[in-house]
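Next up: just one chain, as structure tokens, the form predicted alone.
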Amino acid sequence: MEIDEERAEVFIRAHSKGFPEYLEVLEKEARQQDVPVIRKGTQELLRFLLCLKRPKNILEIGTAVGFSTLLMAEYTGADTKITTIENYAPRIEKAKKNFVAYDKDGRINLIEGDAGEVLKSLDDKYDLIFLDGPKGQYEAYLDDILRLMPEGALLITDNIFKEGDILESRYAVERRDRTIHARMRDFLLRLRDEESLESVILSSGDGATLSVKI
């Protein structure tokens, strides 16, 4: 039987502990303004993994308005630092306002710029990386992401199904989406074949992968 996504999200919400009120408000505002935020299933997965992994240094690629950044800050310790990258000016301004309002400990560092260029400039090591930027660039980012991951680090990649398009033949998707379709397929094949990673694909939200550096 095919699962209805909306019904599944209602079910998940009913069986969730819920999130702090300010996160619920930010999510609602973002959806009303058509700003992409991680789906409820991904929120639950991310919260669980943060509690399990207890990362001390997090890198996020794709800030948007800072919803997922603040969620990660909420479920990590006071000694955890979060670096997040965003290139779209209107969202950067909104994210900055949200961080001023809710990042009371100043643990979030927002870097403005193209993620591909920023990644090449980083030399720190991150025990958790959350990849939620431009979908067509995931594969292009991977070499630098691997360089920034020590052994045992976790890479979480969101939206790998791209609203279900990736599950279809390239000829079944709109012509304008075929480049992203091909690039995402290439990315998933690289995750599968990368000897330094152990990866799994999950159907949470719009699809996600978990990859651990071995």
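Position 1 is the first residue in the sequence shown; the rest follow in order. All figures in this text were calculated on a predicted structure; none of them were measured in a lab.
From this point on, the text means the form predicted in complex with a small molecule, which you will not see here.
By the criterion of a heavy atom within 4.5 Å, residue 81 is excluded from the residues contacting the small molecule in the predicted complex.
Shown alone here, residue 88 lies within 4.5 Å of the small molecule in the predicted complex, counting heavy atoms only. At least one heavy atom of residue 37 is located within 4.5 Å of the small molecule in the predicted complex.
Using a 4.5 angstroms threshold between heavy atoms, residue 187 stays clear of the small molecule in the predicted complex. For the residues 128, 95, 142, 115, the 4.5 Å heavy atom test against the small molecule in the predicted complex is passed only by 115.
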